[in-house]
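This document opens with one chain alone, in structure tokens, the form predicted on its own.
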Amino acid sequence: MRAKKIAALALAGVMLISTVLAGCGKETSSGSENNSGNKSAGERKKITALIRGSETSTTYIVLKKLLTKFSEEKGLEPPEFELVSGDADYVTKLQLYINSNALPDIYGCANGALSKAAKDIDSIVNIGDELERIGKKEDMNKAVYDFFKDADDGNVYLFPESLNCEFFLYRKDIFKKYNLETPKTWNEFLELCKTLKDKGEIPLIVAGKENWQLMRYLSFAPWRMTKDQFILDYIGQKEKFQTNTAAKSGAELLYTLGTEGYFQGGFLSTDYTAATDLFFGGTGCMWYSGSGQITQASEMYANGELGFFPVPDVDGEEDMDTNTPIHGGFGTAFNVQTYDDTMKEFFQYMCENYSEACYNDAKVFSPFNDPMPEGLDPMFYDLQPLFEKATDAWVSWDDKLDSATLTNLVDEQQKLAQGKETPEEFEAAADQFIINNSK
């Protein structure tokens, strides 16, 4: 399978190399440039960045401000940004840059196959070493740092986009109406869903059209009980869904939520935007959300209509202490081949000013444990205790699984949530996917 992947990437690189090179190098009156904006003689003229997202994305907002100001102070040309929206398009573009060894100075990168590919061609800076060099490593939230640890060597090669925490939002007014308490365990959560449904309410809103939303319910129990051990052992064919207690709990949870009618009607055709509109429009009692939706939640939270609670414990099992999924978003990498003194200077400048740009410009949590400024939305201050002492990060299965197995599991989890197959049938199919796709 690995040989097939490499061959496919190489072929794609050959077919599209001219397109890539057209975007990453150009002739100017001052001589040819590579993708870092350097003259062929080595003098840096500007800093280049490839970013997944649009002009409203957090990474672009923060880097645009910091790179522009830094470049002005250093007498460089304005920074050059290449924005690519859409996950598939971005991955294709990044793979082509990697194949042609023409990466820009800064580029967005997921922790997994893409960061490994960049590491294999020696084009990714060890961010952990750089944080240590400038004395900022201990200032970063430990769970966010943990999120980007490389599975092979334990080093950190990616800089966080921001600190993102996830939690359940719930309608305090509805809970008060029925004298309900927030759940501490998944059994309590399911009892709560049953009570709400019996009262004629829609217990839970989910964006079932988004792969990751249903996969969260599948992976909550394995995460609380094993962190990343189950998914890594599953990938390594050392563990099975059919025999692992944590994995079986996750399958059973998604099956129960779907088949008992605890999700809204038509949940598989609901995308994230529609689900957000539903919940903040007054439909449903609970919604798995995150710090990225503080703006949408702000008014209802200020009116006392919304509260939040972390991911429940798995009943009767030993759960890890961290119960709030924390991640650093899509990582930012620095190209070691263009990491000259100017880039080292920018890295330090970026770290020293990152929190200010996060809170004042992007309106997100900073990955650094710097004091929050006054005047933010009250939810920022109320949410902070959820994660300020957390040490373990969220584990995203979609970052860890190969694309074929991920696609298979996504298809299968929809059947599970619809009740088209039992948890036992799902588990048997899942165990076969990883075997078939490794051949």
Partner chain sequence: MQNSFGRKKVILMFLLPAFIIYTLFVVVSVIWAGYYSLFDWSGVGDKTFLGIRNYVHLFTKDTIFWSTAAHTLVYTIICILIQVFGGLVFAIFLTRITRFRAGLQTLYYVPVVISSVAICQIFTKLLSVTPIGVINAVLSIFNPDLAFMEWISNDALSLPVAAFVEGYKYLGLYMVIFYAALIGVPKELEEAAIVDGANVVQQYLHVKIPYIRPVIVANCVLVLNGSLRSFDISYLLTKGGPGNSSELMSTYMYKQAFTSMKYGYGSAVAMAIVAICLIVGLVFRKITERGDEE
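Positions refer to the first chain, counted from 1. Fair warning: this is a prediction, and the values are worked out from it, not measured in the lab.
A second form of this protein, the form predicted together with its partner chain, is not displayed here; the remarks below concern that form.
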Original post:
its partner chain isn't shown here, but in the predicted complex which of 259, 92, 213, 182 has a heavy atom within 4.5 Å of it?
Top reply: 92
**OP:** Could you check which residue among 83, 294, 151, 278 gets a heavy atom within 4.5 Å of its partner chain in the predicted complex?
**Re:** 278
Original post:
Does at least one non-hydrogen atom of residue 209 fall within 4.5 angstroms of its partner chain in the predicted complex?
Top reply: yes
**OP:** Using a 4.5 Å heavy atom cut-off, state whether residue 117 contacts its partner chain in the predicted complex.
**Re:** yes
Original post:
Is residue 418 close enough to its partner chain in the predicted complex to count, meaning some heavy atom within 4.5 Å?
Top reply: yes
Subject >> 4.5 angstroms heavy atom contact with its partner chain in the predicted complex for residue 391 >> reply: no
Subject >> Segment assignment from 170 to 178, 218 to 226, 266 to 274, 297 to 305: heavy atom within 4.5 Å of its partner chain in the predicted complex >> reply: 266 to 274
Subject >> 99, 283 and 411 each touching its partner chain in the predicted complex (heavy atom, 4.5 Å) >> reply: yes
